[in-house]
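Taking the form predicted alone, here's one chain by itself in structure tokens.
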Amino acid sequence: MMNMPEKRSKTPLKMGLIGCGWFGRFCLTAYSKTSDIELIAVADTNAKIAKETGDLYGVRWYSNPDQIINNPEIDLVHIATPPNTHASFASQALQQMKHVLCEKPLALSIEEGNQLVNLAKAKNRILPVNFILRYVPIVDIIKEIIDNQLFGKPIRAYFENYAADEKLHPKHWFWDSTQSGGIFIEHGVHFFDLYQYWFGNSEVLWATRLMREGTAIEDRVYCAMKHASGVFSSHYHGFDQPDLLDRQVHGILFETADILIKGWIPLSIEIQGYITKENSQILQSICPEGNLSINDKTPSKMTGRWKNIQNVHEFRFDYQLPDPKFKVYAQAVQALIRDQIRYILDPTHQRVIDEMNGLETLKLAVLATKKRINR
């Protein structure tokens, strides 16, 4: 557990961004809508992009990230660069007594991850990974459904990620495991963290991958995991779709119902199966905006997993967030930064994401990468 950071008395915190790519700019736009952050400067080794970003947001720009890290005016450094640079930039920033928000993954190795978390603890500074999924409303709706056992216990879960590669040209750093760590480390950590939140601690049972024909590029990976709750889950990531076909889906099988969740940023829920009248009322209280349709005819009796299930009614439940994807995305970014800043101001605050989330999921991703079998 981290020591508590030195308490501050006020916001905004003064922030510097390292990495002015698409996502870095997206975060800056989100931050500009909150009073908790004051952007001081941006940096990118591509001077043209750094200047464009600095001019766009009306702040200083640098082509050397050290000028962000060594700036005594800056309280918080957001690192939005390729994964192989995260450990070095984070370590330097922590040494300069900066708080750090790091894009996933925390590092490329468990050793580096442990060193960073220990350094953050020693310096009394925060070092969360930007796991924005945990700040999306549907995620907590699902968590409440699981915790209340409205459909019995969850048994099986899966994530299918049919991701686009239109913007990932053959020489992009994403395909180079020395820079990205590979798909599980660069991308899978988001969903390892999410599933640990929903289903408890997990262990990697096995993993595999496929290489793109005629290349040394890994473009599809798959792994199976077992969770402390008894859930058996699987994660598929494939980066080979056109942008128009990019899509993702989560599925959860319970004892008496199934949930389908659409979007890597969860935007909608579809549930169908059997539920008691009492639990249907709890479901409606968890998500009042959802559309519940229940068959009021004679309740059913059934047996599953050697249990007698009585007084359940066939039902369907649908809910979709009112806002489009990128608005939900921006709201999650804002919620994460507010959560972290609240902790800096009041160290008794319990954060949604802390340093251990980034480290624990890195360990899972490294293990999945080591266990994968070439096909």
Ligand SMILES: NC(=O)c1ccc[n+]([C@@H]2O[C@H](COP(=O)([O-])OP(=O)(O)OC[C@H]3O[C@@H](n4cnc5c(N)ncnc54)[C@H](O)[C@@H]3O)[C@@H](O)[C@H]2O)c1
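Note that this is a predicted model, so its numbers are computed, not measured. Start at 1 and count along the sequence shown; that's the residue number.
The form predicted in complex with the ligand exists for this protein as well; it is not shown, and the discussion that follows is about that form.
No residue of the trio R156, Y222 and P266 has any heavy atom within 4.5 Å of the ligand in the model of the complex.
Heavy atoms within 4.5 Å of the ligand in the model of the complex belong, among the stretches 249-257, 214-222, 284-292, 73-81, to residues of 73-81.
T85 is the sole member of N114, Q95, T85, S300 with a non-hydrogen atom within 4.5 Å of the ligand in the model of the complex. Only one of H237, K123, K104, R134 comes within 4.5 Å of the ligand in the model of the complex through a heavy atom, and that residue is K104. Shown alone here, N130 lies within 4.5 Å of the ligand in the model of the complex, counting heavy atoms only.
Of the heavy atoms in P12, none are within 4.5 Å of the ligand in the model of the complex. The shortest heavy atom separation between D165 and the ligand in the model of the complex exceeds 4.5 Å. For the chain shown alone, F89 is a contact residue for the ligand in the model of the complex, at least one non-hydrogen atom being within 4.5 angstroms. Annotation for 199-225: no interface residues with the ligand in the model of the complex [heavy atom within 4.5 Å].
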